[in-house]
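The chain below stands alone and is given as structure tokens, in the form predicted on its own.
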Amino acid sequence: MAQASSLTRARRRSAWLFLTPMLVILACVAGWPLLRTFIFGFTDANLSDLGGYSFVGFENFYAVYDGEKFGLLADPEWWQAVWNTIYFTVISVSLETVLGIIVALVLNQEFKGRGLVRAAVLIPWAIPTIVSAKMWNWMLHDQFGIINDLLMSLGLIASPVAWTANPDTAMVAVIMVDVWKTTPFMALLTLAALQMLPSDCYEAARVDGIHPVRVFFKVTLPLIKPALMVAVIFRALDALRVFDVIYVLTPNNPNTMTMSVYARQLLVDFQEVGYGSAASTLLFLVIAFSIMAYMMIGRVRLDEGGH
């Protein structure tokens, strides 16, 4: 017993020894800039003179002067950006999860040329986001875009549609591009989980004559649920801080502006480092609380399933 305890302590020391260099580098590269952003959020710093700032407390977040409200929490543009971000995250991640499961189920089957199809499916994910967003921006153009030409040839639309400029279609276009780009990621993680499932469960279900759809919902889905939760968490983290695809497709469009785009606009366009840092701080808090809430809900559901 004492020997096992000593071995456990030695392993822990070795683990910390290997982790320490990474933690030090992470603290220098990410920790200090993050802390500096938090500090700037309580100042009136300006990009033209970063050294000449003064602390203003919570005025960047919320303040009331002469009965009038100021700050991010009283800014309707900020709340519109929060809503756009949450809407984009929920819709895009949901679609990517469903489509990723379908693609993974297909790729998990034995058929001729499966390796080639797997490689082809990963191409959208391998393309850099800026490149894919710019490519789709050209394809969705209302004058020379191939999407409008194709839809008009099929008789689905009567005239070209400005997909990224029209307030009614801008968010749809952004979500469509993100789903096309990131569905392979969800499919890859789901496929890895499917290939680790025991085959005896499916053989027993086949012998009993259980319908494949019932087998999926009663056997496959519960078994791959932990892997799906991890995949959804990673995608939700990316979606909540989305910037590049939004900025390339719909720059400065209030109908699609996310929290990251809003913070960038304050920091760069308006040069309000203090106000922009406050927005970045709130973005960090929104992401942290959203992921914590998702993990707690997922844990409760797993516990309920176990009972």
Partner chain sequence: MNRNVKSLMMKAGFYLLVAAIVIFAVFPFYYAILTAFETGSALFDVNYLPESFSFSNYLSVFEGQPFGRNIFNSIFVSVMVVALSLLMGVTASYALARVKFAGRGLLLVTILSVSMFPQVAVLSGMFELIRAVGLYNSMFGLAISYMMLTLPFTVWILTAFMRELPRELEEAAVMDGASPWTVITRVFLPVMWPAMVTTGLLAFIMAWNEFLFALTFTLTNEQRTVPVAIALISGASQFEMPWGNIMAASVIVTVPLIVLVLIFQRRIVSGLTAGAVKG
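Computed from a predicted model, the values in this text were never measured in an experiment. Positions refer to the first chain, counted from 1.
Keep in mind that the form predicted together with the partner chain is missing from the display, and what follows is about it.
Engineer: Candidate spot Tyr62, Trp163 and Lys218, all three in 4.5 Å heavy atom range of the partner chain in the predicted bound form?
Structural biologist: The answer is no; none of Tyr62, Trp163 and Lys218 reaches the partner chain.
Engineer: Name the single residue among Val90, Val230, Val98, Ala204 that comes within 4.5 Å of the partner chain in the predicted bound form, judging by heavy atoms.
Structural biologist: The option sitting close enough to the partner is Val230.
Engineer: Decide whether Lys69 counts as a contact residue for the partner chain in the predicted bound form under a heavy atom distance cut-off of 4.5 Å.
Structural biologist: The answer is no: Lys69 has no heavy atom within 4.5 Å of the partner chain.
Engineer: So, Trp79 and the partner chain: in the predicted bound form, are they within 4.5 Å at any heavy atom pair?
Structural biologist: No - in the predicted bound form, heavy atoms of Trp79 and the partner chain never come within 4.5 Å of each other.
Engineer: When the contact criterion is heavy atoms within 4.5 Å, does Met139 count as touching the partner chain in the predicted bound form?
Structural biologist: Yes, Met139 lies within 4.5 Å of the partner chain in the predicted bound form.
Engineer: When the contact criterion is heavy atoms within 4.5 Å, does Phe42 count as touching the partner chain in the predicted bound form?
Structural biologist: Answer no; every heavy atom of Phe42 is more than 4.5 Å from the partner chain in the predicted bound form.
Engineer: Quick one: which of 112 to 120, 155 to 163, 69 to 77, 82 to 90 gets within 4.5 Å of the partner chain in the predicted bound form, going by heavy atoms?
Structural biologist: Stretch 112 to 120 is the one.
Engineer: Which residues within 13 to 44 place at least one heavy atom within 4.5 Å of the partner chain in the predicted bound form?
Structural biologist: Going through 13 to 44 in order - heavy atoms within 4.5 Å of the partner chain in the predicted bound form - the hits are Ser14, Ala15, Trp16, Phe18, Leu19, Pro21, Met22, Leu23, Ile25, Leu26, Cys28, Val29, Ala30, Trp32, Pro33, Leu34, Arg36, Thr37, Phe40.
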